[in-house]
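To begin, one chain is listed below as structure tokens, in the form predicted alone.
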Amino acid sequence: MLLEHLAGNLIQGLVLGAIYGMATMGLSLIFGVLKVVNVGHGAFIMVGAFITLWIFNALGLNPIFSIPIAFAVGLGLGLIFYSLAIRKLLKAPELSTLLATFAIGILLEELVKLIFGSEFRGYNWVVGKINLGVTVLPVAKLYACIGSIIIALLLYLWFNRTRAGSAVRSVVEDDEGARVCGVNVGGVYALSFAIGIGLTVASGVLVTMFIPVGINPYMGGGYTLKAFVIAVLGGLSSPYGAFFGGLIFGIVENGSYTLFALIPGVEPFALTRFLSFVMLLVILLIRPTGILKAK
């Protein structure tokens, strides 16, 4: 019975891990190109969640249609915040960009709170379930997993098959060399930040497809923590590594929850949070470059 329950949770963790990985790709892309640590990452995931909630409740459209809309909104927000704040702080001390992204995150949270209120919300999108024997997987979660994989593949193709993607890769390798070769480095910075934020906001849609409840303006904190662990696990500058790191993290998180539930007198969910910090510390000590090198 325990093994069956563990197997079911591992399958659920693999599906969730794909969403975690996609949610972290934007964070890794921004750091890889701009060397900016976006500590407001979770707030942008929250924005994507509220976009999904509004489109589902107000327009009656299923969450799949929210993905391109959320990505477009994220692109816009990325360009706005890059132009207003990040562009002017690229050469400043690292603490300046940390504080700027932290302030941006708080600004988004308070704006959403002002518009929608602070109460917890959710939606009910029922599209059936699949019985896998060891677990029952809602089709909505499967759609979210497939969506994550498709977006990751599209990003890979964009990086490797387009001129803009090649320009981004050249800037990652050597921004001064790219500038000498005629690459508009400033434009690449703006584009990379916008795409990174776009991916993050779009991931908020996929997160709600897996967990369609608990949507509130301050939901992003836990996702920020997980994103940093996943980013370090996969290589902080590697979007591809972030995706595979998300798969590993999802499996470890769900698997450990099953095992922690066997310990009497403890809260399994709290221990999984503790495990996240332990994983982060161990990775930094043993392999600070992550499982994949930056690309």
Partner chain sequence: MRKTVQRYYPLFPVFAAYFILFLVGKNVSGMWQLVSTLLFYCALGQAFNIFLGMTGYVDFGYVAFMGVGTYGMAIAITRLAHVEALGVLIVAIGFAMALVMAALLSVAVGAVALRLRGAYFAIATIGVNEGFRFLIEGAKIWNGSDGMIFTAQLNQILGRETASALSTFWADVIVLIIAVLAAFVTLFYMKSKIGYALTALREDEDAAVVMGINVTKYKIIAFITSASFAGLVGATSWALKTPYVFPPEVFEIHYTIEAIIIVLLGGAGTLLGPVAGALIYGISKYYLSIFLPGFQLLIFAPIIIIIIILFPEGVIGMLKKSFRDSTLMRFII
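Keep in mind it's a predicted model, so treat the numbers as computed, not measured. Numbering follows the first chain given and starts at 1. Rigid core here is just the name for the largest C-alpha set that superposes within 1.5 Å across the two forms.
This protein has a second form, the form predicted together with its partner chain, left out of what is shown; the following refers to that one.
Highlighted residues 60, 65 and 73: none comes within 4.5 Å of its partner chain in the predicted complex, counting any heavy atom. Only one of the listed residues (104, 194, 145, 155) places a non-hydrogen atom within 4.5 angstroms of its partner chain in the predicted complex, and that residue is 104. Looking at 43 to 51, 240 to 248, 225 to 233, 65 to 73, the stretch with residues near its partner chain in the predicted complex, meaning non-hydrogen atoms within 4.5 angstroms, turns out to be 225 to 233. Contact annotation for residue 271: at least one heavy atom lies within 4.5 Å of its partner chain in the predicted complex.
Taking non-hydrogen atoms only, residue 84 approaches its partner chain to within 4.5 angstroms in the predicted complex. In the predicted complex, its partner chain sits within 4.5 Å of a heavy atom belonging to residue 88. Taking the partner from the other structure, its partner chain in the predicted complex has no heavy atom within 4.5 Å of any heavy atom of residue 34.
Residues of 122 to 136 are not found to place any heavy atom within 4.5 Å of its partner chain in the predicted complex. For residue 251, a C-alpha deviation below 2 angstroms is recorded between this form and the one not shown after rigid-core alignment. Core-superposed comparison between this form and the one not shown: the Cα of residue 12 travels less than 2 Å.
Once both forms are fitted on their core, the CA shift for residue 58 between this form and the one not shown remains under 2 Å.
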